[in-house]
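A single chain comes next, written as structure tokens; it is the form predicted alone.
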Amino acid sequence: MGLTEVREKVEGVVGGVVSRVPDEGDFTSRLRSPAVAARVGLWLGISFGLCFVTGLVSHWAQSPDPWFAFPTRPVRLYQLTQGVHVIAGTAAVPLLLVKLWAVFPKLFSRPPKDLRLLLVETLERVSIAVLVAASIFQLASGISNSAQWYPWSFDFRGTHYALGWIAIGALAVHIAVKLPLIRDLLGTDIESGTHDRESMQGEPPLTRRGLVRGAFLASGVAVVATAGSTVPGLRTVSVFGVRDGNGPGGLPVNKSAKEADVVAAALSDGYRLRVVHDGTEMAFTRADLEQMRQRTHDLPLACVEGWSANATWTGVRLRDLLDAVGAPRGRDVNIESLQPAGSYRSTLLPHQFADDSLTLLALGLNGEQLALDHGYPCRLMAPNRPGVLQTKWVTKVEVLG
């Protein structure tokens, strides 16, 4: 049954008689089968599970908790988890569309008359409505965030985190209610008529197995077309990747110095890096920093949008600067940027990062002087830390506590 016929039944008048609301039995395609929904739903659930777990890791990394410190090792952990987060979310989009298409007739099923059954079905339908709404929001807003397009005024990270819990809770309820049916469907052949509606008849041009394989193929194509932002080997074929790996020093740029309004301050002869601890303050010019012992480390720049790039950073170990002002270990540090405004002009660097031997105030990138758009005169580069917290154009380091 096509959308035109459905619309006529809902809105139209046929032969002078007011049309009725369509019934579940009006949908006759054998492809709109519980067997299809179960198989696609299985992999959709796996994708959602990966998104949820890796999303918790991302939220944890950006929200320091003194009771559960985010680790500095392995140095590529955040790069891996955030890449999986975005890839799994992208893979889920075609699966969700096919799943919704397959179960669409259930929207028009008549509620049972038995009160107990009615209550159970009402709970199920409410959980499904919440699940569908939250899923669509999460995937749509996540893709928009990956493209750095924000057509809304609410805080993305907080809202995405809260809706993630709602989506996974609704999914758990849905699975609990449907588990006996899911197990039965997955244990029988997909082309079997078990649990089919009586109205399903005829042979469509595509088999159910072909539809499911097509859904998996579409999911794979979506991943390959976007994953190059995270997987360098796919960049030549990832036509929809939000980052191609190009940029000053061979590294992409999210926010330029011009956008951050720091060009004049960063290039000024009066620039100083201030390091402050308990009344002791030292100021360093860029030349002063260059005269200090330089260290070189290979660390990835991994951003919340899902893109990442490996790079070689050279600069002054942050711990050396903290030692210069007599700062003890185990203290959190506040890092300030030359940016006059913005959510991340000031960031908290937990003590485990401040004390780590790999944490640098970087002066160079991939054997070249640090580009202005990458944070010249110096930028923070710490292991296993989200790129948005790797503060650029650093002007002040203050020891807290």
Partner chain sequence: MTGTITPSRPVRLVRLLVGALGLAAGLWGAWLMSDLGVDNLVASGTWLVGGVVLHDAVIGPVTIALAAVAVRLSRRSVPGPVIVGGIVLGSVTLAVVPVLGRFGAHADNPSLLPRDYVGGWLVFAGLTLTAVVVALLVGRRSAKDGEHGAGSGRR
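Numbering follows the first chain given and starts at 1. These numbers were taken from a predicted model, which means no experiment stands behind them.
What follows is about the form predicted in complex with the partner chain, which we do not show.
Residues Ala162, Gly241 and Lys255 are all found to lie within 4.5 Å of the partner chain in the predicted bound form, as judged by heavy atom distances. Contact check for Ala176: a heavy atom falls within 4.5 Å of the partner chain in the predicted bound form. Using a 4.5 angstroms threshold between heavy atoms, His351 stays clear of the partner chain in the predicted bound form. Of the heavy atoms in Pro112, none are within 4.5 Å of the partner chain in the predicted bound form.
Contact between Pro94 and the partner chain in the predicted bound form is found at the 4.5 Å heavy atom cutoff. The partner is absent here; in the predicted bound form, the one residue of Thr122, Gln201, Thr296, Gln148 having a heavy atom within 4.5 Å of the partner chain is Gln148. The listed set Arg76, His195, Arg331, Arg272 contains one residue whose heavy atoms approach the partner chain in the predicted bound form to within 4.5 Å, identified as His195. Listed stretches are 132 to 140, 280 to 288, 320 to 328, 114 to 122; the contact stretch with the partner chain in the predicted bound form is 132 to 140, by a heavy atom cutoff of 4.5 Å. Contacts of stretch 216 to 230 with the partner chain in the predicted bound form, defined by any heavy atom lying within 4.5 Å, are made by Leu217, Ala218, Val221, Ala222, Thr226, listed in sequence order.
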